[in-house]
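The chain below stands alone, shown as structure tokens; this is the form predicted on its own.
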């Protein structure tokens, strides 16, 4: 199938569906319902998800660990972090032992008294709001708020080779049984009217690090529907993913699946293009 066969209207519809959290399989099913064959629909979706040559990422534009030589672990500031899995698209790395149990427990206890219902950014206005797609409780720490936070932030900066000042403060979230966060992108849509105010503070988000502070009894995986992968929430481990541009072709659509037993606690670090204040 040629690019010409994918009309602007079809491309816009597919991207809107992906942005709303629909899986590629659901999009293909909808196309089959209106007369597309499976092969035609798959080819069209692949064209939309594949970046044009001028959109291809340039080296050095986003954070990431040093993976030359396929290391099984990386030592940062005397702390050994294990490399458990690596993907190219999305640019994703699963780390083992990023934090130890004592650090995880301390972050949970620091955050617990300050939890409130989690909100999302409304890119129509630039403000935050409670969203039914996100049913966790959460809070934000200021960057370097305590010696523990400063130490963790320095470790993250060294591991991902991105300055501390280009990161937002850690956000800690608690997911109780049944809580989830439906699939979404972490970058801000630059075409939305409210994004300008958000982007004025540090520019676009370029990467996400989710650190698991507890292991729930069931559920709570971090899912990537476009990539067909789920990362299990294991205490001390983390999943990192980068997005070279605010585009669905980065395949960084992700969500937190419902917790089925116990509680899931995570700490999220979002990294920005520039200094975030």
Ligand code: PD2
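Numbering follows the first chain given and starts at 1. Remember, it's a predicted structure, so these values are computed and weren't measured experimentally.
Although it is not shown, the form predicted together with this ligand is what the next lines describe.
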**Request:** Can you work out whether this ligand is within 4.5 angstroms of a heavy atom in all three of 64, 95 and 161 in the predicted bound form?
**Result:** no
**Message:** Looking at 108 to 116, 68 to 76, 179 to 187, 142 to 150, which stretch has residues with any non-hydrogen atom within 4.5 Å of this ligand in the predicted bound form?
**Reply:** 179 to 187
**Asked** Does residue 154 reach this ligand in the predicted bound form if we count a contact as any heavy atom within 4.5 Å?
**Response** no
**Asked** Even though this ligand is not shown here, does residue 23 get within 4.5 Å of it in the predicted bound form, heavy atoms only?
**Response** no
**Prompt:** Could you tell me if residue 173 has a non-hydrogen atom within 4.5 Å of this ligand in the predicted bound form?
**Reply:** yes
**Prompt:** Does at least one non-hydrogen atom of residue 268 fall within 4.5 angstroms of this ligand in the predicted bound form?
**Reply:** yes
**Message:** Quick check on this chain: which one of 210, 242, 48, 41 has a heavy atom within 4.5 Å of this ligand in the predicted bound form?
**Reply:** 210
**Item:** Listed residue (222, 237, 214, 250) with a non-hydrogen atom within 4.5 angstroms of this ligand in the predicted bound form
**Value:** 222
**Item:** Residues in 231 to 250 with any heavy atom within 4.5 Å of this ligand in the predicted bound form
**Value:** none
